[in-house]
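This document starts with one chain, in the form predicted on its own, laid out as structure tokens.
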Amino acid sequence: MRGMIDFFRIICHNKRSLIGLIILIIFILMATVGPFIFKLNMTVDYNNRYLSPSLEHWLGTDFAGRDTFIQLVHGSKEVLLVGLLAAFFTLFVGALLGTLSGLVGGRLDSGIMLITNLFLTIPSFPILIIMAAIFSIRDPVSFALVLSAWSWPGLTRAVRSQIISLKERDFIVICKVMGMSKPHIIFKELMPSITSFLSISFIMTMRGAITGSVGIMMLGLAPYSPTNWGQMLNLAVSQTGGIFNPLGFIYLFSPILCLALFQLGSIFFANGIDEALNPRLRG
């Protein structure tokens, strides 16, 4: 409890992190509480297509007369869930392989680094597009697995570097001299020192996964949800003529604005994570 209070106290003293936290909380509420407040109606109503913003329709309506704001709210749940799962899978694989590689060394380190470097030499986004086209994406879990399949190598290298640097520090050497067990050294000494790094990596990976998922959905390679922000962009371009139709501007730019705000909130929030979670920076 004391740790949570200290965490939020440090975040609140960092203006950028506080702004980022507020933006992220708004998006989390939008994704979790929003769908219960705003009921989605995807019935086509051509008599009310392209309506301007009003009290009834806060962001107007799309090419089929459906409420744009409510589609954004319901789409945020899927977008954030895919990003969250992809970041979790990436962090799990990257942290596990990076820790093993840095701590054990030897042939295991060489083998993991060989595979990691192989993945890093291949451009990720074209591969993601091919994988999304080959594999059947029908739910957020499968979508997250596809996104994380090419996201872990960079994190693995970064975690390995952190572990190699830390295991030569005095406090780790003292632990070894005192005969402390490896689980104690890993979970009580090494992990607290890289928690802030892993937290920042998690947020940045989630940010990247959300951008990737929206991009793949926009290309129409995983059209499992019509309210996903990427699918909204796809429909805006294909059904309203994109930037050539002024009546579809709000429907077109609303998902882009949401995506930009989420990215901004993530970057701002990550700004204070290191200070809040790194015990050695807090003294």
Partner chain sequence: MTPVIVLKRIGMAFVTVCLATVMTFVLLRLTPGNAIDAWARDYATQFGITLEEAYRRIAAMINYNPNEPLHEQFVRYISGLLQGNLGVSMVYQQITVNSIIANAMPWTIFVATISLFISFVIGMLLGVRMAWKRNSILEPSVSLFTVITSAIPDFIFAILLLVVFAYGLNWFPVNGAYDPFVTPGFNLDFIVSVLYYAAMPILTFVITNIGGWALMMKGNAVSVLGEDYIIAAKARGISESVIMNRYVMKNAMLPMITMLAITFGSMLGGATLIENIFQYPGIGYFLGEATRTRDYTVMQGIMLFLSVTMIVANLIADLVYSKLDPRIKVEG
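Predicted model only: the values in this text are computed from it and were never measured. Residue numbers count along the first chain shown, from 1.
Missing here is the form predicted together with the partner chain; even so, the following discussion is about that form.
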Which pick from Leu100, Leu145, Leu120, Leu80 sits with a heavy atom within 4.5 Å of the partner chain in the predicted bound form? Leu120
The partner chain: the contacting residue among Leu114, Met180, Leu108, Val141 in the predicted bound form [heavy atom, 4.5 Å]: Leu114
Work out which of the listed stretches, 193-201, 131-139, 88-96, 166-174, brings a heavy atom within 4.5 angstroms of the partner chain in the predicted bound form. 131-139
Interface membership of Lys15, the partner chain in the predicted bound form, 4.5 Å heavy atom rule: no
Though only this chain appears here, would Ile186 touch the partner chain in the predicted bound form if you measure heavy atom gaps against 4.5 Å? no
Do Gly215 and the partner chain share at least one heavy atom pair within 4.5 Å in the predicted bound form? yes
Taking the shortest heavy atom distance, is Phe253 within 4.5 Å of the partner chain in the predicted bound form? yes
